[in-house]
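One chain follows as structure tokens, the form predicted alone.
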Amino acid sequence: MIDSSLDPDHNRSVITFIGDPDSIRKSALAGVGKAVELIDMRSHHGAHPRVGAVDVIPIVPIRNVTMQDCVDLSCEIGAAIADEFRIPVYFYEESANAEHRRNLANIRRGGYEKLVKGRLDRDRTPDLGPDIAHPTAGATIIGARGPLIAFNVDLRTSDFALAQRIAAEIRRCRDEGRGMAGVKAMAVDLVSRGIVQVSTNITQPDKTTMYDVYDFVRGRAEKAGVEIERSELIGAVRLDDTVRSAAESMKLEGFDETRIVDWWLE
């Protein structure tokens, strides 16, 4: 494991680990087993969308592995989850068996509460496993995808409507081709801290950097007379994405990872 993130408002844990395919398979299944043991979705509430105790398992190629290898691994893990734990499994992104399931948000729509209302049929039919949600663990989504950056910006205000407006503007800019390429955004009310958050997934980090998102949110917040409390990275990030973001924030021309001493020492 290289990183973990937990907070009471999202009521969600993000565990990041790397390894060879066999280690990933064993670790993922061990994690699913523990989550099924400890988490009861019938009493679970949180600000982040989710369909189950193990909401989503992304498999990302890092080194000496292809995207197809990750697709194959996701299918293997998904089959084991369905067979061993009797949990409905949906495949997304590169592992999707239908185009409408490539987008994670489409599968999550309605959340666990919608899944447990009855039989999972028509567009809700799982790719593997039973056609009813697991009573306490719901369903699981798994798939191979490219790297993304989970990046959040907290606003020093409790004005949830402001965070909603900024997130909506990010999505409009993305959809209209006016910037924010590949950025998914939503507003989150951080009740325990009395502030709000613009939560994003940067799915095309080669086109949109963390600084792009931070600067966008800061600019809109400042127009409303609100300061930034902090920004937050969830999970891990690639070195070149960090370098690109840092260089952009300082308008540092000609800077890349080869200018970092540690890069030469690997």
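From 1 onward, residues are counted along the sequence shown. It should be emphasised that the depicted structure is a prediction, and the values quoted were computed from it without experimental measurement.
One more form of this protein exists, namely the form predicted in complex with another copy of the chain; it is left out here, but the text below deals with it.
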Exercise. Of the options Leu29, Val65, Leu239, Ala224, which one has a non-hydrogen atom that comes within 4.5 Å of another copy of the chain in the predicted bound form?
Worked result: Leu239
For this session: Would you mind picking the one in Asp69, Asp206, Glu232, Asp40 that has a heavy atom within 4.5 Å of another copy of the chain in the predicted bound form?
Result: Glu232
Exercise. Is another copy of the chain in the predicted bound form near all of Ile18, Phe151 and Lys251, within 4.5 Å of a heavy atom of each?
Worked result: yes
Problem set entry | Non-hydrogen atom contact Leu265 with another copy of the chain in the predicted bound form at 4.5 angstroms | yes
Exercise. Is Ser23 one of the residues lying within 4.5 Å of another copy of the chain in the predicted bound form, judged by heavy atom distances?
Worked result: no
Problem set entry | Non-hydrogen atom contact Arg156 with another copy of the chain in the predicted bound form at 4.5 angstroms | yes
For this session: Flag Met210 as yes or no: does it have a non-hydrogen atom within 4.5 angstroms of any non-hydrogen atom of another copy of the chain in the predicted bound form?
Result: yes
For this session: Can you tell me which bits of 180-197 touch another copy of the chain in the predicted bound form, meaning any heavy atom within 4.5 Å?
Result: none
